[in-house]
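This document opens with one chain alone, in structure tokens, the form predicted on its own.
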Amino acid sequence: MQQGEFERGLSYRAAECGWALIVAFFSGLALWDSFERGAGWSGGPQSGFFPAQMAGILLVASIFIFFQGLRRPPGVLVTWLQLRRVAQVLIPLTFYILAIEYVGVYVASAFFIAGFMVAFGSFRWWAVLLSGLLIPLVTFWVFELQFKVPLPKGPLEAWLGY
């Protein structure tokens, strides 16, 4: 990149205004739901009273942040390349968390660790295989057998009797 040339990416203004709109949307949903449940005070707080108060505060704050974002001078918060790197971690992490529900934390961790080692490192195949197997096994030994802390298990652990 040459001097004087601006980097391209997500601007502060877009990030603040976009996030404020998202928070305002969910605040509006929470307010609507709270008033459906009853957000008044008749002989004491109704079930939607406290959520309505919190949603109202969030809505006011999001409106303030939105207009503050509009006044912000132009500038790049994060470049597209940086966002791509974050997505390279965030998307597999999301699948890992979803996989825990179906295959358990140990099997999901084995694939997650091995996948990251293959994708982002220049490790030998046996190091990937050993790390993918040994780290979940040590974790299982520590949490399940030593500390007696049950973590989410899947069909493999059930097949092995745990």
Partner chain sequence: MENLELLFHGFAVALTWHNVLFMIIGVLLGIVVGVLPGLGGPNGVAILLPLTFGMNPTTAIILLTAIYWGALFGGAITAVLFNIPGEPWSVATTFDGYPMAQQGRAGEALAAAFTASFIGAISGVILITFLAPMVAKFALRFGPAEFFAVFLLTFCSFIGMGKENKAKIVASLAGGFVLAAVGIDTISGDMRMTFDVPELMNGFDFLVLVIGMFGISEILVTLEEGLEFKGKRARIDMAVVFHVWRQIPRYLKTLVRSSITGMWMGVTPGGAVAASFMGYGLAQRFSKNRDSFGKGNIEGVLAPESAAHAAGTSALLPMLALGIPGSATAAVLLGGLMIWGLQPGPLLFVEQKDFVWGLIASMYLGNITGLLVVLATVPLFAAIMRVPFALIAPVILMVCAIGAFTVANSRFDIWLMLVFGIVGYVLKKLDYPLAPMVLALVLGDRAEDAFRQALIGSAGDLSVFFDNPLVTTLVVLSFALLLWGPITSQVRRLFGRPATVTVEPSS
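Residue numbers count along the first chain shown, from 1. Everything numeric in this text was worked out from a predicted model, so none of it was measured. Superpose the two forms; the largest set of C-alphas matching within 1.5 Å is the rigid core.
Keep in mind that the form predicted in complex with its partner chain is missing from the display, and what follows is about it.
Although the partner is absent from this view, Leu98 contacts its partner chain in the model of the complex, with a non-hydrogen atom inside 4.5 angstroms.
Although the partner is absent here, Ile57 sits close enough that one of its heavy atoms falls within 4.5 Å of its partner chain in the model of the complex. Proximity of Ala61 to its partner chain in the model of the complex falls within the 4.5 Å heavy atom cutoff. In the model of the complex, its partner chain stays beyond 4.5 Å of every heavy atom belonging to Leu133. Contacts of stretch 132-152 with its partner chain in the model of the complex, defined by any heavy atom lying within 4.5 Å, are made by Ile135, Thr139, Phe143, Phe147, Val149, Pro150, Leu151, Pro152, listed in sequence order. Comparing the forms between the shown form and the other one on their rigid core, the Cα displacement of Leu151 reaches 2 Å or more.
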